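In structure tokens, one chain follows: the form predicted on its own.
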């Protein structure tokens, strides 16, 4: 299914994931990391989401010149494939120094490691042509609230953001909120928290927000409302569309796979808000089912993109005149029936 000119799509190489989990044997053969990039264009994707060590593996053990050389080779590969680096995010949750958080750690040495790693990430982003870095604040939180001074933690986050902005005068910082996992309670759990940090930054126009559907659901919120809130503040730089079956672990199900109506609401908000018209990517963060055989498995990416585009058509044929009449008459029963019939094609 071809995409409307307004939309282009991205995913990260981790979305073509390995076939193992902590509870059973491997069900899919490992697929070479760099071979994944040849799959993008045939699937209808133009953008690549990166972590810093997706671009430069084992970067902590490399010199600055080695990091630069590897990043340049990836940049050349992207150009040869006709791909664009959407963003590069610092992976700050595997290193020993970030077990208790990076920017909010109680250890000054560990906080400095996090900032140094982030600056190297920004350097990598610049080399591969990405205009942004994403902060998924994975371990910036606690398992017990007495473990850290929360006010100081937020001040440290703000200081870290300002230091990133000062380090590179052009980079954009996209904050990706999530309420939990791997920490029990995260410090930036919702879009509102991210928007507040953005507005307080030294260069607020360069600090934006990335909303993931499943993360909003894990916070007990509606993803379309989170997107609408950020759009109202002019801060929605990216989305990671997927789905989530309740308040469980972060499942990264196919977009619309658990709640088709909620998926439609997200597409409707993005359509009405003009998302994509300034070059923003529709990012997918979806994993194939644990039981799926094959290598590589890409149906989950293809299917999620196809469903998004089908819902775009549903959004564009949604009779807004009728919707406004239902609203004016406060006839929400009729509005709900109309919406469900429209989705069902009856």
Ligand code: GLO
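Numbering follows the first chain given and starts at 1. The shown structure was predicted, so the numbers you read here are calculated from the model rather than taken from an experiment.
What comes next is about the form predicted together with the ligand, which does not appear here.
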{"property": "Contact residue in the predicted complex, from 51, 314, 28, 305 (heavy atom within 4.5 Å of the ligand)", "result": "51"}
{"property": "The ligand: the contacting residue among 71, 171, 89, 197 in the predicted complex [heavy atom, 4.5 Å]", "result": "89"}
{"property": "Partner-facing stretch of 210-218, 160-168, 263-271, 188-196, counted where any non-hydrogen atom is within 4.5 angstroms of the ligand in the predicted complex", "result": "210-218"}
{"property": "Residue 250: touches the ligand in the predicted complex, heavy atom cutoff 4.5 angstroms", "result": "yes"}
{"property": "Heavy atom of residue 280 within 4.5 Å of the ligand in the predicted complex", "result": "no"}
{"property": "Residue 136, heavy atom within 4.5 angstroms of the ligand in the predicted complex", "result": "yes"}
{"property": "Heavy atom of residue 93 within 4.5 Å of the ligand in the predicted complex", "result": "yes"}
{"property": "Candidate spot 14, 178 and 240, all three touching the ligand in the predicted complex (heavy atom, 4.5 Å)", "result": "yes"}
{"property": "Sequence-ordered residues of 260-288 touching the ligand in the predicted complex, heavy atom within 4.5 Å", "result": "285"}
